[in-house]
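Single chain ahead, by itself, as structure tokens, in the form predicted on its own.
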Amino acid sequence: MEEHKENVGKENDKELDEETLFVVSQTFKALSDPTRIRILHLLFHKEYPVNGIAENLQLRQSTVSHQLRFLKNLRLVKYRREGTTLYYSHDDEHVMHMLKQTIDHACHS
């Protein structure tokens, strides 16, 4: 246990490189938008096509597509093709865990 604490301390002493800073800031930017939070929350347990997300969240399909493109560029969502339909699901377990913890925190405040 003590060895783990030492290693964590050494990692935290390192200066963050520009790419890491950019990815972290973009991830928080993604999570700062209520629509994107709603989409990720919906995708937590199940995959959906764009029209399924739009219907469930009562959003326009164009709005959902725009937000999914943003999330996909950050590798927070992925899709699989079945015929002409794209099914979206989350693609980053760490971010989904962080989102769930934040939602739980907000619900218990």
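If you're wondering where the values come from, they're calculated on a predicted model, not measured in any experiment. Each residue number is its position in the shown sequence, starting from 1.
FYI, the form predicted in complex with the DNA isn't displayed, but the following is about it.
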Check: Would 33, 50 and 67 all count as contacting the DNA in the predicted bound form, using a 4.5 Å heavy atom cut-off?
Finding: yes
Next item on the list: Give a yes/no on whether residue 45 approaches the DNA to within 4.5 Å in the predicted bound form, heavy atoms considered.
Entry: no
Margin query: Contact with the DNA in the predicted bound form for residue 63, defined as at least one heavy atom pair within 4.5 Å: yes or no?
Written below: yes
Check: Hey, in the predicted bound form, does residue 86 get a heavy atom within 4.5 angstroms of the DNA?
Finding: yes
Margin query: With the partner left out here, check for me: in the predicted bound form, does some heavy atom of residue 75 sit within 4.5 Å of the DNA?
Written below: no
